[in-house]
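First comes one chain, alone, set out as structure tokens in the form predicted alone.
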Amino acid sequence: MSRRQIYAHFDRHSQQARQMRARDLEAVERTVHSESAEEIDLGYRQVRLAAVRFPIFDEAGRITALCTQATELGRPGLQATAPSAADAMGRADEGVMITDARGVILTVNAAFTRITGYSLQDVAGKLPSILQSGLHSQEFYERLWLSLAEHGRWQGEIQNRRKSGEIFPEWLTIYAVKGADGEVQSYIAIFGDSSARQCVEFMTMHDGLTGLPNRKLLMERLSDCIADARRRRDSLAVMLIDLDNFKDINDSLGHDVGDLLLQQVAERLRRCLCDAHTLARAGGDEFAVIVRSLTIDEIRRLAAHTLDYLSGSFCIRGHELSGAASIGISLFPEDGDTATGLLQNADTALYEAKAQGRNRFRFFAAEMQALVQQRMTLEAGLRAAIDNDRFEVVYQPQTALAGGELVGAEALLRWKDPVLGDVPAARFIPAAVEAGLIVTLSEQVLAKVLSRIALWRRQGLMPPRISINVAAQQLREPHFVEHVCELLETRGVPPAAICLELTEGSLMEDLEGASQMLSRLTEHGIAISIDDFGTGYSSLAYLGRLPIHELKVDQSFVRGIAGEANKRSIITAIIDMAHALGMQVLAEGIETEDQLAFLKDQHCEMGQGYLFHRPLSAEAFERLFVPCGGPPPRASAPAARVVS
């Protein structure tokens, strides 16, 4: 060979090496396998190869090596595999197994033998099922092959069995190698014994508190289930389960109690749902269930059964807690054909279930989106109003029915939003509760009222007792009493200047805790009133246990005085009962002289309503005050008496 021929030979091979190097770098940069058809000049003949390059990853997802496998076109199997591919198989720390298009094992590397215990002689000519542990369902393998057919690649953790019979976890990547005609020629499986990394992988894909799949794994499984349902033309649904009032439990009893509740709820859901459904913790106190192959009626029964199963109480560290929940349901493909879409619409249905009273389930409907948008707009407006102090306190005067004197007032909240306009309290108070803003809002009102009372007193005015509504969530605040007393002290307002109003429902959520809280308030000289009495429990048992000064008869009974004998009987019974327990009675919503006359005949002490005054601004209200030195307003309540 002449010197020129030698130089030309090296130039050709140098150019081929640069081309191969460029393809190697491209596969590494793209981090996915790549396929190419290549020609190699061996000097004595040209070789046409179908090559596949695939990166090998470590536990952290970093590329540690690049494996190249090449098959000579026109020759079967791996007889013409490039030496570089053979070298890669020999050096790789991961096990490598190569099969033909039918899945028959052609060759394995030394790492395969070290990890599994099987030599090449043990497995050559056999199927990879020789490694199967029996722990995976047929659907698992169907999804694996579907991924190979659609994407040319599958990756995930799998439980396999060594030659010794020991089951071990491995992180497996399978590539489908296709020829120039697009047909699969072989499969390459690369894996490593993931026993050491199994804990990390589990923690990455599972919730540390409950052990359930986390949101990441939920999204992966939901995507797989959608693909499977689409292929099978099968039904699929997503149920989002959210605990009612979980935030209140967390805030009042601590996160450790909340965590224990979540664990017990997860365990109860495991028992309630069959293995065919995937249960996951979507986040916070929200759980998700992927429901497969059920009719609408079956899904409805499953949701109702789940609510019943959770409705029983949970006993945690001496606390008896409610596990009541709400459920939102979306269906594939009617309500979405992606994992994200189905979860979003299930969340919308969940929002609607909570808005309609909680402890119920709702299927997604298109019109819900408009309602959710309205609620989101209202919530955003609420947050802005709280941040920018846009709420106004007005005062509904309270009058002594016998003599007509001003004896008090109820502080009421008004909201005029620059975008939403006048928003009634019946709309924004429930929204504040739902958004978790009611405590912040109520504390703002309390501070505003006390500041106004302090201002009136500095001006030499003598305001009557002001009643301030307290939310149920405030009673669960462990330092609520201290907070109220601190506000009174810093503003120089005597405790007798205010009365705190609570609803029956707020007391009955934790009667023992409420009793202790109210006792502490009354010890400081603060009067307690039960608002809307008669619409809730109306139980002598709880009335006798609580230090209550005043009962407020709900206006729905007052309105029925004229034509409904049963309403008159209820009012008479409430007044007699209150007096027997040493309490005063105030009737709400008095609008006619007939109502006033009946209430006076029954010895009801006080009343409020349009017959006397509409709610007034602070400036208008102060014009009703008795000047200093005049007769004191009849605002002070009698001492609370607890009847055993």
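We call the rigid core the largest set of C-alpha positions that still match within 1.5 Å between the two forms. Just so it is clear, the structure is predicted and the values come from calculations on it, not from any experiment. Residue indices: 1-based, along the sequence shown.
Unshown form predicted together with a small molecule; subsequent notes refer to it.
*Asks:* With the distance limit set at 4.5 angstroms and only heavy atoms considered, check whether H151, E157 and T173 all reach the small molecule in the predicted complex.
*Replies:* No, because H151, E157 and T173 lack any heavy atom that approaches the small molecule to within 4.5 Å in the predicted complex.
*Asks:* Which of L218, A353, A497, L262 has a heavy atom within 4.5 Å of the small molecule in the predicted complex?
*Replies:* Looking at L218, A353, A497, L262 one by one, just L262 meets the 4.5 Å heavy-atom criterion.
*Asks:* Work out which of P213, G95, P463, G258 lies within 4.5 Å of the small molecule in the predicted complex, going by heavy atoms.
*Replies:* Partner contact (heavy atom, 4.5 Å) among the options: G258.
*Asks:* With the cut-off set at 4.5 Å between non-hydrogen atoms, does E405 touch the small molecule in the predicted complex?
*Replies:* No - in the predicted complex, heavy atoms of E405 and the small molecule never come within 4.5 Å of each other.
*Asks:* How about K247: is it within 4.5 Å of the small molecule in the predicted complex, going by heavy atoms?
*Replies:* K247: yes, in contact with the small molecule in the predicted complex.
*Asks:* Even though the partner isn't displayed, in the predicted complex is R476 close enough to the small molecule, meaning a heavy atom within 4.5 Å?
*Replies:* Looking in the predicted complex, residue contacts with the small molecule do not include R476, since no heavy atom lies within 4.5 Å.
*Asks:* Using a 4.5 angstroms cut-off on non-hydrogen atoms, would G284 count as touching the small molecule in the predicted complex?
*Replies:* Yes.
*Asks:* Choose one stretch from 411-419, 370-378, 237-245, 450-458: the one whose residues place a heavy atom within 4.5 angstroms of the small molecule in the predicted complex.
*Replies:* Result of the contact check: 237-245.
*Asks:* Fitting the rigid core first, would the Cα of Q516 be found 2 Å or more away between the shown form and the other one?
*Replies:* No, because once the rigid core is superposed, the C-alpha of Q516 moves less than 2 Å between the shown form and the other one.
*Asks:* Align on the rigid core first; then say whether the Cα of Q369 has moved by at least 2 Å between the shown form and the other one.
*Replies:* After core superposition, the C-alpha of Q369 moves less than 2 Å between the shown form and the other one.
*Asks:* So with the core overlaid, does the Cα of T210 end up 2 Å or more away between the shown form and the other one?
*Replies:* Yes.
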